[in-house]
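Just one chain follows, in the form predicted alone, and it is written as structure tokens.
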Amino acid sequence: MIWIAVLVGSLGTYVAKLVGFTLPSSLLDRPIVRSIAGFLPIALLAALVAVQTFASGTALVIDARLAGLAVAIVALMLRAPFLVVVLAAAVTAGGVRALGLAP
């Protein structure tokens, strides 16, 4: 079953890229299309972060991942390098779990 999903997803990605190559450049140069194309990856990444932070299977959970995300946001606001952001979030989440403050 998983391989069917992988194949369908791969085919969908290929078709989307093919359609992108066949569109006229006058359509792609419109300001609204450029704006949407610029914000779409940000929205998808934010959705991925939200799902990975607050979901466990089909349940909504609040656990150590939220503390890690909060620390990562603060580190990003302080313009810390990416590696520092990731390490700070991981250490925070691990510390919260080790202290038994969250599952």
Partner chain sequence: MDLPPARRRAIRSNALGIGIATGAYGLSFGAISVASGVSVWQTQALSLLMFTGASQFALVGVLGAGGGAVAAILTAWLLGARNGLYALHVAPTIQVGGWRRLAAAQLTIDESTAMAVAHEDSPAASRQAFWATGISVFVLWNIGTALGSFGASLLSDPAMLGLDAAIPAGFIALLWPRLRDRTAWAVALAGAVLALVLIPFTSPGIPVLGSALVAVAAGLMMRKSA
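Positions refer to the first chain, counted from 1. Because the structure is a prediction, the values reported are computed rather than measured. What we label the rigid core is the largest C-alpha set whose atoms superpose within 1.5 Å from one form to the other.
Below: the form predicted in complex with the partner chain, not depicted.
- At a distance threshold of 4.5 angstroms between non-hydrogen atoms, V51 is in contact with the partner chain in the predicted complex.
- In the predicted complex, the partner chain sits within 4.5 Å of a heavy atom belonging to V8.
- Taking non-hydrogen atoms only, I32 approaches the partner chain to within 4.5 angstroms in the predicted complex.
- The partner chain is not shown here, and in the predicted complex it never comes within 4.5 Å of any heavy atom of I62.
- Residues M1, I2, W3, I4, A5, V6, L7, V8, G9, S10, G12, T13, Y14, A16, K17, L18, G20, F21, T22, L23, P24, S25, L27, L28 are the members of 1-30 with a non-hydrogen atom no more than 4.5 angstroms from the partner chain in the predicted complex.
- After superposition on the rigid core, the Cα atom of A98 is displaced by less than 2 Å between this form and the one not shown.
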